[in-house]
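A single chain, nothing else alongside it, follows as structure tokens in the form predicted alone.
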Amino acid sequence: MSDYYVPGKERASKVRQLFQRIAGRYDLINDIQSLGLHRLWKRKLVHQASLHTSAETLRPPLALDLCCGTGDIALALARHGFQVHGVDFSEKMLEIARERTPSELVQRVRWSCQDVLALSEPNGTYDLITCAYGLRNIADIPAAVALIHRLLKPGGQLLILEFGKPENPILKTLFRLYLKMVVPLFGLIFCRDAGAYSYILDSLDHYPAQRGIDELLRHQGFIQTSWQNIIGGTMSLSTAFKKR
């Protein structure tokens, strides 16, 4: 087990330590380990979001990007007309996000360094909430889902892009071997820390994945919940709405 996966009260501090360590190589390793496909999957998320925007007012729809990392989802949403709040608890990741923000988007995106579970904004603030490769890292996932439900406006949309668990036994075995044997090598080569990327499999083992998240969303009161499997379920894009 990776040194960075610690259940309980120390979980958040260990995950923060991990992302502070890998921030400078985070985007590079994402490109390598997914062969650049993560960019297509994130575009799919943004496309799904752009299909459901508020037409009831003249103001830009408000979006919250949780665990925003280096900002690719938040910046893409801003380019699609959203006013975006990007939240992450790694200041080094946010430094990269700020550096990547073009001048024409500065007024459309604000960045906050804080723990997702500490967000205290008013109920019903956002039209859209997104979380790409972040929900799995939050110390209390049911609490995060409850927070998301509270922060969404009635009729608001939630989109979660995350690692999944394939149901095909052969694909499941191959995927686990890839995460266990190959991905940590990228961490060793580029960050001199194999444990930073063996963490992915450890965290995935404790993550309810697409079916479990869908059940959790419905239990919280979300409606029209669904998910799209990507590459046989190794990744998934979950969608849900808050009842009007």
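Values in this document were obtained by computation on a predicted structure and should not be read as measured data. One-based numbering along the sequence shown.
Not on display, but discussed next: the form predicted in complex with a small molecule.
Undergrad: In the predicted complex, does A78 come within 4.5 Å of the small molecule, counting heavy atoms only?
TA: No - in the predicted complex, heavy atoms of A78 and the small molecule never come within 4.5 Å of each other.
Undergrad: I'd like to know whether L217 contacts the small molecule in the predicted complex, with contact meaning heavy atoms within 4.5 angstroms.
TA: No, no contact at 4.5 Å.
Undergrad: Hey, in the predicted complex, is D115 touching the small molecule, heavy atoms inside 4.5 Å?
TA: Contact check for D115: yes, within 4.5 Å of the small molecule in the predicted complex.
Undergrad: Does G195 make contact with the small molecule in the predicted complex, using a 4.5 Å heavy atom cut-off?
TA: No - in the predicted complex, heavy atoms of G195 and the small molecule never come within 4.5 Å of each other.
Undergrad: Based on heavy atom distances of 4.5 Å or less, which listed stretch (78-86, 164-172, 102-110, 128-136) is in contact with the small molecule in the predicted complex?
TA: Selected range: 128-136.
Undergrad: Exactly one residue in F186, Y207, W41, Y26 has a non-hydrogen atom within 4.5 Å of the small molecule in the predicted complex; which is it?
TA: Comparing distances to the small molecule in the predicted complex, the residue within 4.5 Å is Y26.
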